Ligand code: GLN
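Before any questions on how it binds or moves, here is one chain, the form predicted on its own, in structure tokens.
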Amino acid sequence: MTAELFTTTITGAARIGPNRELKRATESYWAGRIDRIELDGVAAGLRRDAWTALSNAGLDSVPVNTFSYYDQILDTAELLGALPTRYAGIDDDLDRYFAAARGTSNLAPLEMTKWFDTNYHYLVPEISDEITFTLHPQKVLSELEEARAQRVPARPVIIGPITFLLLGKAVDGGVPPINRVDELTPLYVDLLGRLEDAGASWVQFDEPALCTDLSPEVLAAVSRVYKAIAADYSRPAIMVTSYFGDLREALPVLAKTSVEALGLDLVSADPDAIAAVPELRTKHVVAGVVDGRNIWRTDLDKALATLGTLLGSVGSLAVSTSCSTLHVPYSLDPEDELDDELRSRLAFAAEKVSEVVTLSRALRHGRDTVREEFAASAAVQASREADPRLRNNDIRARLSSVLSGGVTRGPAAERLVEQTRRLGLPALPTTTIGSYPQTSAIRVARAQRRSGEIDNAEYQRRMRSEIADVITLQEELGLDVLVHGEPERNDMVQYFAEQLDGFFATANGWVQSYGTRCVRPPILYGDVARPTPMTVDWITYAQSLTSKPVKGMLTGPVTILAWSFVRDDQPLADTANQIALAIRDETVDLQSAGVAIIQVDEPALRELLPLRSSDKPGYLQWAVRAFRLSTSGVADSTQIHTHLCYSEFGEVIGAIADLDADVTSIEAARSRMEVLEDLNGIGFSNSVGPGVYDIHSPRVPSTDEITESLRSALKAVPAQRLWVNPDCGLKTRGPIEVKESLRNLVAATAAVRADLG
């Protein structure tokens, strides 16, 4: 191929908008407040602004087709004609797309799970044998045309065939999706021809699945498919990009094909592996030396040294981020409350682009051409090492003492006897996961407190009023174990980060989690300590309003770790234990206040699981220990719950049991209770609450539907160990929808209890 080589790029970019413009427009479209033309206009404006900013910053190759209305894997399913046939009756293409993402009143959505080891969620393609793959390239061709019209040096980005099928799920007894990869090869060849005709000189295929353990059969498929895709015909140059880890055995396989470029994550992987693959001496290597996932400023001297070691091992070299900047906030500019010391260490997406440009200039023109940037980088590294906030010797000594004493509770069977006597709950206890709808009144009160329109006393009065309403609603519905609804919490991680030493909570550091759902991961920069109780007053107030038990609601240490931007100067296990100690203190204070049930959520347990099998046992060992450290300070009569959601649980099923929670509530509706068989397979004997309906879909489940889910669950779990609850918290749902859904949940439970006699 004769495509001009590029030198400076990023792997991909965020699409939600610097002020979440796409979120607001999409939700307005769903609500009928704007039409398709208005929504498309917002989307086009975001694409235009993003491409222009990247081009103006100095990138000579700009990724396009990274925009999505919901998810890039769903986009790929649409590209390849792989949407399930149940959506075929929806005529409008965008409404059909959103039906697959969110479901409708009578159509279930696609299953949703975590994107490798990140907090981004993707929609799992359902690949049945009846699907005939067909090419539908309108989206990528349209966005390429837009970018070229703006004179942007555009590089279309498309999920590669191996990753798409490895992330897919066989349904209706179909063969493993990867077995059908040869059916996709001609579609990708066809697509490349169309992109060539449309003016693309480079095309990027994302293959992050190649950083996982691959069988010999899959490696053979990688070789076969990319030899065919990169054959000698009229096409753009091909860049195969992987991230979140090391390609290992897949690296020489790809290098022996005719693809022109490989994009490599050199933050997570070992750069020395490149020299061991002689075929790379003819390739254009796009070196991801700027961390696309975390927010710490790059050590420019170290990164440039890495680039220098590659020069003799590759044909040509470009500089990039390690992965898409989808995973970090847009810019540091809105963060007015950052102290200068911490600000100097941070780089969000805009700053990372600047770092890529700086490193590229240094590589091509010499370090002296950007000496000021390198001097600033060196100063940051030195000042960070001297910051006293990074080390709290009192916390470290106390943590060592607690760990040396052990982190176990009494035997589960004995705990159950004490808890049953204390709680007196009926068979199939009903509850919810924790959060209730964040109403406009709650959001207004929070904004008014931030702006100073109301004082803290008035804010607390309003939140107590919201709590009282939620308690009243739950009692009217007939739920057995209540929650306070969490109106005072902006986010299940940020709420705690704002009260713990060692964290900084951003003002506008939004990151897309899925669809229109965004989170603001706090910055964990120093040793963690809990100055005062964080939840006790809210929970004890809620408990004062009812004779039914109210759960104390906490976020677990692994999830706080996973959903924060974490310090990179000590092992994750050490940081997790510091968080766990703070949560442990909170559980002890809740118990002292009379709270009988405490839920410590760990939805991110699976998320942090390393991609390689050899690394998994070590992670699971410290993750389980951190959870047990956080929950083992209470008496056996205090019931510990945990909650896990939206992950493939099979690989961590043993760890879920090892958490030793008295009750584990777990996502199960979209996966049709599959997780229960996994739990039974390892002899799990504690209580479990499989989600009986999916809260991420706007549909209200019928009583019959929930009854069917419960009866299915009872085939795997005896009634004395089964709890009844939704899949996840209700924060994002509407009040009317929640009330109707929970009324049906209670009615279904009553019907099944009657069947049980």
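Heads up: residue numbers just count along the shown sequence, starting at 1. Please read all numbers here as calculations on a predicted model, not as lab measurements. In this text, the rigid core denotes the largest set of C-alpha atoms whose superposition between the two forms falls within 1.5 Å.
There is also a form predicted together with the named molecule; it is not shown, and the following applies to it.
A residue is said to contact a partner when one of its heavy atoms sits within 4.5 Å of a partner heavy atom; residue 207 fails this definition for the named molecule in the predicted complex, lying far away. The shortest heavy atom separation between residue 645 and the named molecule in the predicted complex is within 4.5 Å. The named molecule is not drawn, but in the predicted complex it has no heavy atom within 4.5 Å of residue 660. Within 4.5 Å of some heavy atom of the named molecule in the predicted complex lies at least one heavy atom of residue 599. With the partner left out here, the named molecule still marks one of 721 to 729, 699 to 707, 31 to 39, 48 to 56 in the predicted complex; by a 4.5 Å heavy atom cut-off that stretch is 721 to 729. A heavy atom within 4.5 Å of the named molecule in the predicted complex is found for one listed residue only; from 433, 528, 289, 493, this is 433. For the residues 603, 557, 161, 329, the 4.5 Å heavy atom test against the named molecule in the predicted complex is passed only by 603. Residues in 321 to 340 all lack a heavy atom within 4.5 Å of the named molecule in the predicted complex. With the core held fixed, the Cα of residue 121 is displaced between this form and the one not shown by less than 2 Å. Once the rigid core is used as the reference frame, the Cα position of residue 600 differs between this form and the one not shown by 2 Å or more. Relative to the superposed core, residue 489 undergoes a Cα shift of 2 Å or more between this form and the one not shown.
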